[in-house]
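Only one chain is included here, represented as structure tokens and corresponding to the form predicted alone.
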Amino acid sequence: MADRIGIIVNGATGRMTKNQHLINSLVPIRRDGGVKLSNGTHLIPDLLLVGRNADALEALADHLGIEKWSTDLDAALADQQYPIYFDGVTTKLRANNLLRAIKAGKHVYCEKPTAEKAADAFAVANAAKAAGIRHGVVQDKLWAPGMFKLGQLAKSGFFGKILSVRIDGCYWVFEGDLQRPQRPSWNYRAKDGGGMILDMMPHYHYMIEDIVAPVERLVCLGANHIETRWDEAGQPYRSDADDACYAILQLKGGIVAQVMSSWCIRVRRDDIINMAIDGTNGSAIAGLKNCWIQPRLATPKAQWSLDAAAPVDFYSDWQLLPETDPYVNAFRLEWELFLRAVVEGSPFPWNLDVAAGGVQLAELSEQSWHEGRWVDVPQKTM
């Protein structure tokens, strides 16, 4: 037995929405017969694609075998056959779109950040709670295999007392003059809601707080390393948004976290993003795919020497955690959890309240950078 559930997908032709939310998540869910509910029923997404470019929408819908698309968001929100609204548009438009969807009585699910400013993010969260709708925000890194294993280690008590956390994130984004850039040009324009801090600090917020502990205070330095980039039309433009950030965060319990995130760094590490945790009983380092551990009693005696090229192989004594379950795309997995939450009322803690905390962390990081000082992070701002 199968039931349908209507989902408005706004920003359907955008890079992330098209690839992760449609091609890797909702379309495969449809193809595989839907999300299985606790009563045995299968829930099949009925998709309405929304965007600004009719030709691009029609081509995408035809390619994916989706019948319905529209350039009229108001008409889509008025359609009672579609109780869920997903927002994958640019950050600058998101808060207003979410408020419109909430006013229309839709359950909402969206990319992050949920707004440019913390006050707007908390206002959206409050509106959702007042309306009594279900709401969720994409926090995909928590279900990436490596990060999921890191979280399981923390829950199991593997680390003992956690001492410190390190996050090394991102990669070199081509400027656009010699190679096609991997990210859209709006990411590097402040007026369009771009910037590394606003883009990635909400990710690091949920990674740190879900896996380790809440953030209590921070100091952050942002940078605009590359000031000229080339847009989608091959034209040079001034890149005035921060493209890197360097932060120290103090977490609850005296834990210290270091975050380095840059679109101007060439990768020589195990993955695009690495997160390491050191504790009294052991350490672990995870990328998006894999996680390695080094327990206390398996820790080698570190040595250095100016007379030998490499007296210790610091990679060889780490144990790769095995795969115990088949991998499911992180975006798809969270979609399935959210759809079950809407229909069955199951808990979904990765919501607009939590995401507003991520926007707040980004805003306070920018404040710290511009004021050149430590700032406290309120534990609850509503």
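Predicted model, so just to flag it, every value in this text is computed and none were measured. Heads up: residue numbers just count along the shown sequence, starting at 1.
We do not show the form predicted in complex with another copy of the chain, though everything after this point is about it.
Chemist: 80-88, 252-260, 123-131, 95-103: which one contacts another copy of the chain in the model of the complex at 4.5 Å, heavy atom to heavy atom?
Modeler: Heavy atoms within 4.5 Å of another copy of the chain in the model of the complex occur in 252-260.
Chemist: Identify whether another copy of the chain in the model of the complex is within 4.5 Å of every residue in the set His225, Gly279 and Gln294, based on non-hydrogen atoms.
Modeler: Judged in the model of the complex, His225, Gly279 and Gln294 all sit within 4.5 Å of another copy of the chain.
Chemist: Heavy atoms within 4.5 Å of another copy of the chain in the model of the complex: does Asp240 have any?
Modeler: Contact check for Asp240: no, nothing within 4.5 Å of another copy of the chain in the model of the complex.
Chemist: Should Lys191 be counted as a contact of another copy of the chain in the model of the complex, where contact means heavy atoms within 4.5 Å?
Modeler: No, no contact at 4.5 Å.
Chemist: How about Ser185: is it within 4.5 Å of another copy of the chain in the model of the complex, going by heavy atoms?
Modeler: Although another copy of the chain is absent here, Ser185 would stay clear of it in the model of the complex, with no heavy atoms inside 4.5 Å.
Chemist: Quick check on Ala75: any heavy atom within 4.5 Å of another copy of the chain in the model of the complex?
Modeler: Although another copy of the chain is absent here, Ala75 would stay clear of it in the model of the complex, with no heavy atoms inside 4.5 Å.
Chemist: Mind listing which residues of 268-284 have a heavy atom within 4.5 Å of another copy of the chain in the model of the complex?
Modeler: The stretch touches the partner through Arg268, Arg269, Asp270, Asp271, Ile272, Ile273, Asp278, Gly279, Thr280, Asn281, Gly282, Ser283.
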